[in-house]
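Below sits a lone chain in structure tokens, taken as the form predicted alone.
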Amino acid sequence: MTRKRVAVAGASGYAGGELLRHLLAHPEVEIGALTGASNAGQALGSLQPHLLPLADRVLEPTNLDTLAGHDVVFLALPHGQSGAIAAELGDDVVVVDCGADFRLADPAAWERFYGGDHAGTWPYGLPELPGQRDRLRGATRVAVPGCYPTVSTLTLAPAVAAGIVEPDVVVVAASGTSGAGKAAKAHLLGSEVMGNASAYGVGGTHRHTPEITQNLSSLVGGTVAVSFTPVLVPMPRGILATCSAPLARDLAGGLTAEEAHELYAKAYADEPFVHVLPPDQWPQTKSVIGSNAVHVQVTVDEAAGRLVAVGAVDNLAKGTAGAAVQCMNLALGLDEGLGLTTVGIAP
């Protein structure tokens, strides 16, 4: 089989670097053009020194001339920049967008949370959602989910889909600083982050809120209310999401932790990248760093009448770049796990 030629636009950023780390381990692809914006003309090794096999490659401008002639183009660009480039690429090219441009189905939600014109809606790159894997097979356009929506959705989906909770969920998710991107920002300086934890995007204002709502609502054919609070914590990467919801009225006091765990284990039994931990073992971010795995645990708070589920994900892997490679594999008809691992890095 001829290897697929792949380009990465935005190769100098965190998501672009993580994409290249996975693609270097992929047996069926050849890495083609690597592009940057202000970094065009620089050697990749000066910006991503951990990618030794590609250290001498020079970043090119992000334009059609550079990206043309590839079988797959990954767009690891700031929000709002993918639409114009994607429109220039032919329908025979698989375009995988790691930004938010094509995730939302509701133009009004895009305008409210991102601003500007809505570029459209592409097949959503979360294969674990019901029916989504079939939509991704053979697709030439894929919208990779946001990192918070990935872990929040997968942590809550079995409970919401089974109707064992009310459609009113609370998500509090702690994330490392790489989720904010590589650009210099004062609030991400070491002296601001170390020894500190801070909430942001509070009160339903974070951009990932409508995406989480969209995903969970699709499971019930109605609207699921989502209260989402992100928390910035002093670590480079990883997300730990604590999610809860009231037990369904006809189950309050009747659902046990064992029954909830059994439901989750059955829901994800055939999923290669979602692992429901044994009872009483709780997810931790260090266990998933560097991997495409999602660790999930669930229990019932009987006194409060609520289901509590916790999920951990590497925001740069399954939360972005790993998911992008997983979706590319499906789009190309390849084994879904090529180039990916469920093995984390420890300690």
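What you are looking at is a predicted structure, and each value in this text was computed from that prediction instead of being measured. A residue's number is simply how far along the shown sequence it sits, counting from 1.
We do not show the form predicted together with another copy of the chain, though everything after this point is about it.
A residue is said to contact a partner when one of its heavy atoms sits within 4.5 Å of a partner heavy atom; residue 177 meets this definition for another copy of the chain in the model of the complex.
Among heavy atoms of residue 141, none comes within 4.5 Å of another copy of the chain in the model of the complex. Residue contact with another copy of the chain in the model of the complex: residue 182 places a heavy atom within 4.5 Å of it. A residue is said to contact a partner when one of its heavy atoms sits within 4.5 Å of a partner heavy atom; residue 26 fails this definition for another copy of the chain in the model of the complex, lying far away. Using a 4.5 Å cut-off to another copy of the chain in the model of the complex, each of 18, 172 and 244 places a heavy atom inside that distance.
Annotated contact segment (heavy atom within 4.5 Å of another copy of the chain in the model of the complex): 302 to 310, selected among 62 to 70, 29 to 37, 318 to 326, 302 to 310.
With contact defined as any non-hydrogen atom lying within 4.5 angstroms of another copy of the chain in the model of the complex, the contacting residues in 186 to 222 are 186, 188, 189, 190, 191, 192, 193, 194, 195, 196, 197, 198, 199, 202, 203, 204, given in sequence order.
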